[in-house]
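The data below hold one chain only, encoded as C-alpha cells and taken in the form predicted alone.
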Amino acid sequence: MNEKKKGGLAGLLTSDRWANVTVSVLAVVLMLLTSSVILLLMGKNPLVAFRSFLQGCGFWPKANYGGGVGMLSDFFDYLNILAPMLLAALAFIVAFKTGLFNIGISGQMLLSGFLATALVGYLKDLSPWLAKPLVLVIGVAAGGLLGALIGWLKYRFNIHEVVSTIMVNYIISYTTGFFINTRYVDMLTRSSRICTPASRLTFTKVEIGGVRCNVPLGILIALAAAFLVKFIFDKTVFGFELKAVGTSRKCARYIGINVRRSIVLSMALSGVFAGLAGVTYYLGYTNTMVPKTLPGMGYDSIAVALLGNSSPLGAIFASMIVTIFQSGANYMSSSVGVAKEIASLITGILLLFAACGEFMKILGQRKIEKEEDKKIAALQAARSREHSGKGGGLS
C-alpha cells in the first residue's frame, strides 16, 4: 500500500518521515497519562502538579517571587541545567550511533569537573578571559582521554564498554571523593569548596529586566555542539564511517573502514561531550561537588537520547522536556506537597516508554497489515459474490 494512503496513528508510526517524531510524542503523552494516574492515587491534582513544574522552570508565572528575582530568573536557571543535560545526551548519541553504549558519562563528567575545579577553579589570580577557556580545554581533554581509554580497552582486550565504564565510574567516584575530603573540602558543607567567579561558566547575578539572573555560558556551547554532531554524521566521511561501524562491523571492515580506529575515536568524541557536560555542570550549575557522588544526569541523559531518537536535534527538544521535570522538581514539591523524587519517577516512566519505540512501530505495522488483510478479504468476498451472481444468471 502506498505510504501516503496510510492514515491514523498506525500510519504515522510506520511512516519513514514521521515515525520517530510520532514515537517521541506518544512516549510523552503516555508518560503524562501514567504520571497523572500516580498523582491521582496520591490525592494530588495532576494539572496543578504539571503546572508547578512549568512554574519552577520559568515557563509559567508563580504566585509570588522573592526580592530581586522573577520568572526570567527561573528560566535562566533552567537553561543552566539544560546545557549539561544536552551535552551529556550528545555524548551518549555519538557512542550509540557507533554501536557502543557509553554508560560512563557520569564518571567522565565527574572527572572533568574535578580536574577543572582543582587545576583552575581555585586559582584567584586568573582573569575570566583565561580561566573560562582553560576550564573548557581541561573538560575536553579529560573527557576525551577517558573515553579513548574505554574505546581502547574495547578493541584491544574486547572488554565490553558497559562493564569497563561501570568499573571506571566507581574508581573515579572514590578517587575524587578522597581528594575532595582531604584537600578541597568545605568544613561547613562537607562538599568541595566553591570555585572562583572567574572560572565559573555561569555569569551570576546579572541584572536583566530588573531581576537578577544566572546567565549560563554552557547553553551556547551545548547548542553549537548539537549542530556540530549533526554536521559530522550527516556531512562528513568520519560520521559515515562511525554509522557504518554501528550498523555492521563486519560490513564496515569489508569495505575498508578501520573499525578499531572508529571505536576509539567514537568513544573519545563521546568523552569530549561528556567532559563539556561535566564542566558546565560542576563549574556552571552547581559550583561544588559532593564527595563519592556521581551525577544522576549522566543516566538521565540516556532517557533524553532515546526520547530524541538518537538525533542531535531531537535531543535538544527531548532535553528540554526532561529538564523541565528535573529543574522544576523543588518548586513542585513545595507547592504540591509531594516528594521531589517524583520527578525522577516521571523521568523513569518517560525512559520506559521511549525505550518501547520499536515495539510501538511494530504494533503500528501489525495494525496496518490487519487492515490490509481485511480489505483483501472483503474484496475477495465481493468478487466471489459477483461471480456467483453471474453464474446464477447463466443458469
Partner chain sequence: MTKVFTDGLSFALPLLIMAVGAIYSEKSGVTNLAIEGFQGFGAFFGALAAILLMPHLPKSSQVPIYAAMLFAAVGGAIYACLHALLCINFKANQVISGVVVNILAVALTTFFTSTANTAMLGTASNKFILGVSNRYSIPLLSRIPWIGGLFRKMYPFEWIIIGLVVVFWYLMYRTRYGMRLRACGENPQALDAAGGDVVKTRWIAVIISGALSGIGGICFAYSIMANFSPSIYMGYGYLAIAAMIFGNWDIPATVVVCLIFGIAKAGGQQLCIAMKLSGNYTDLFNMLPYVLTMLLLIFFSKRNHPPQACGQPWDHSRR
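Numbering follows the first chain given and starts at 1. On a predicted model such as this, the values are computed, not experimentally measured, just so you know.
Another form, the form predicted together with the partner chain, is not on view; read the next lines as being about it.
query: Heavy atom within 4.5 Å of the partner chain in the predicted complex: which of T202, N287, T323, S164?
result: Spelling it out, the residue with a heavy atom inside the cut-off is S164.
- request: Scan L26, L54, L345, V69 and let me know which has any heavy atom within 4.5 Å of the partner chain in the predicted complex.
  value: None of the others qualify; the residue that does is L345.
Heavy atom of Y254 within 4.5 Å of the partner chain in the predicted complex: No, Y254 sits far enough from the partner chain in the predicted complex that none of its heavy atoms falls within 4.5 Å.
- prompt: Taking 4.5 angstroms as the cut-off for heavy atoms, does K235 touch the partner chain in the predicted complex?
  reply: Although the partner chain is absent here, K235 would stay clear of it in the predicted complex, with no heavy atoms inside 4.5 Å.
- prompt: Is there a heavy atom of I302 lying 4.5 Å or less from a heavy atom of the partner chain in the predicted complex?
  reply: Flag for I302 set to yes.
task: Answer with yes or no whether F231 is in contact with the partner chain in the predicted complex, where contact means some heavy atom within 4.5 Å.
output: No - in the predicted complex, heavy atoms of F231 and the partner chain never come within 4.5 Å of each other.
query: Which one, 56 to 64, 347 to 355, 43 to 51, 29 to 37, holds residues whose non-hydrogen atoms are within 4.5 Å of the partner chain in the predicted complex?
result: Flagged stretch: 347 to 355.
task: Heavy atoms within 4.5 Å of the partner chain in the predicted complex is the criterion; list the residues of 176 to 208 that meet it.
output: Heavy-atom contacts within 4.5 Å come from G177, F178, N181, T182.
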